[in-house]
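As structure tokens, one chain now follows by itself in the form predicted alone.
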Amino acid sequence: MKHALITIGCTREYIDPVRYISNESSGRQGIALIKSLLKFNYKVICLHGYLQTKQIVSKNVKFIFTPTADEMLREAKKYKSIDLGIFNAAVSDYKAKKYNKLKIKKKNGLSLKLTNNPDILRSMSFGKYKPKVTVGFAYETNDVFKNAKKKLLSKNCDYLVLNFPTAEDKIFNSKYNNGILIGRSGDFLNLGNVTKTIFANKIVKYISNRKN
């Protein structure tokens, strides 16, 4: 049985005990990917942030709650020689430079000093932590192909799933997804505007059938 590591959901970086910085993600696409991985006989380690959907109950899936970027990367680095790594989580790019232990009182405006979070995909795609096959995700709203190809190379991915909205569907909190799977060797698969279940099945089937 092959082993897959997947990150799903969104991380949160708290500013104070009640306020935080985050990205949009329901976790539905991630759960759909896990279901597909199980169909293809993978044993799955899932590092997840906050989810708006139910987890899967299976002896072949281990869920680990990693609410921040630092925690998600720290946990991901515990796993080596993984056959397939899918980095689907919407990880916050920034965190507050200083966390306020007490709730910040409302006033006329608020300025925050932010610092960069670790780049989980890039960190895992280089060196001893790299899975045998690495899949990244990119949600783009402009120059979608140019930005996706740039990310594919800079993050050292084997494959990158380019997501981009349509006029009818913004993807987030939707049953549907829209995009293209781009391979490092120049191959690509048009995934189309389909349900997240079909979207996931196409990705896992294509990668599983390729000789990497």
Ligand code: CTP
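Everything numeric in this text was worked out from a predicted model, so none of it was measured. In case it trips you up, residue 1 is the first one in the sequence shown, and so on.
Unshown form predicted in complex with the ligand; subsequent notes refer to it.
Colleague: Please identify, from 99 to 107, 126 to 134, 76 to 84, 113 to 121, the stretch that has a heavy atom within 4.5 Å of the ligand in the model of the complex.
Modeller: Of the options given, it is 113 to 121.
Colleague: If you check in the model of the complex, is residue 71 within 4.5 Å of the ligand, heavy atoms only?
Modeller: Judged by the heavy-atom cut-off of 4.5 Å, residue 71 is well away from the ligand in the model of the complex.
Colleague: Would you classify residue 48 as touching the ligand in the model of the complex, given a 4.5 Å non-hydrogen atom cut-off?
Modeller: Outside the cut-off, so no.
Colleague: Hey, in the model of the complex, does residue 28 get a heavy atom within 4.5 angstroms of the ligand?
Modeller: Heavy-atom contact with the ligand at 4.5 Å: absent for residue 28.
Colleague: Should the three residues 32, 43 and 63 be counted as contacting the ligand in the model of the complex, with contact defined as a heavy atom within 4.5 Å for each?
Modeller: The answer is no; none of 32, 43 and 63 reaches the ligand.
Colleague: May I ask you to list the residues of 135 to 152 that have any heavy atom within 4.5 angstroms of the ligand in the model of the complex, in sequence order?
Modeller: If the 4.5 Å heavy-atom criterion is applied to the ligand in the model of the complex, 135 to 152 yields 136, 137, 138, 139, 140, 151.
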